[in-house]
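Next comes just one chain, in structure tokens: the form predicted on its own.
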């Protein structure tokens, strides 16, 4: 038992992410306590806003895992977000009144996103598609799905008793429910669900990227051919991680549908496809912590700009991405963290280690 706890501790403090000092864990625990205590003093609007920021974190973490640790840039996460949201709405809407109907819908939605990614990823990776073409094909998939869903406005586009709705969207989607507890809208239950899911995913993925499988994944990113020669099935690993990232995007899609009781094709348009890439790149794609902080901060920034009446939220996001690519290629949060550590770690005459760019990675 002690050996297992030691292995878990070592994985949580492994080298594949920022934040390994006692000070970091102290701040992490304090922030966790603050989030858990917030409903006691926060308004319903504040709760709903925090939920709307945090529910995108699973999708962003999936892209960080796929791009930062696997070296595969994807503009398709919003497609899997939308697939899961629509499947959840269809299943939950047709199982209204059925015990555990929304739980069945949750499982079906995430499974559908993962299955779609597995099929699409099989043709991408086993077909040896070039790395720079993969993001374009993912974007094409996203826009095709968005365009198709926009054409489903007629009454003939009905599955059971649920209308797809076209550009008007699918409405009256049931919120997640477990027994008498409903996780929807501005409810405290949904807030706690999203907070707990975010924390568990973050900690779980820290363990994952510092596991043996995580190190193999990083090896695939850095030198896929050498990793292949060492006996690893590189194509299968890439399909697996692609599907895992899609499942995480699907989880975000279900939480979004449960929060807003609504899905429409705009969740899969060009803007929606681009935003996860911006969140991940600006914070630092090779750090799960940076991805979480960047996603929440940029979602809050976009929300504040929208509330103030500004029409330039997307331009601000684009400017941040451009500045990151020019001045902070590793991400703003990651670059600041490295600069903070460098004075205490660098001795006279010592050279700072430079993180290599993987041969198979899309910049």
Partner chain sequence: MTERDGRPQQSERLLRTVALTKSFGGIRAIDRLDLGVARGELRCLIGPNGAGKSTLFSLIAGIHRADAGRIFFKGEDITRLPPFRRVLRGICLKFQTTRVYRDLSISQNLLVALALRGPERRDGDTAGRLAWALATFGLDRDGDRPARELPHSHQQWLEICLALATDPDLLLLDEPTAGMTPDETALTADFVRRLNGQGTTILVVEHDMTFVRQIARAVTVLHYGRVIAEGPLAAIEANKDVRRIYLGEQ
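Numbering follows the first chain given and starts at 1. All values derive from a computational prediction rather than experimental measurement.
Heads up, the form predicted together with its partner chain isn't pictured, but that's what we're talking about next.
The three residues 216, 219 and 231 all sit with a heavy atom within 4.5 Å of its partner chain in the predicted complex. Though its partner chain is absent from this view, in the predicted complex it lies within 4.5 Å of a heavy atom of just one residue from 240, 227, 264, 187, which is 227. With the partner left out here, its partner chain still marks one of 89 to 97, 219 to 227, 175 to 183, 287 to 295 in the predicted complex; by a 4.5 Å heavy atom cut-off that stretch is 219 to 227. Although the partner is absent here, residue 15 sits close enough that one of its heavy atoms falls within 4.5 Å of its partner chain in the predicted complex.
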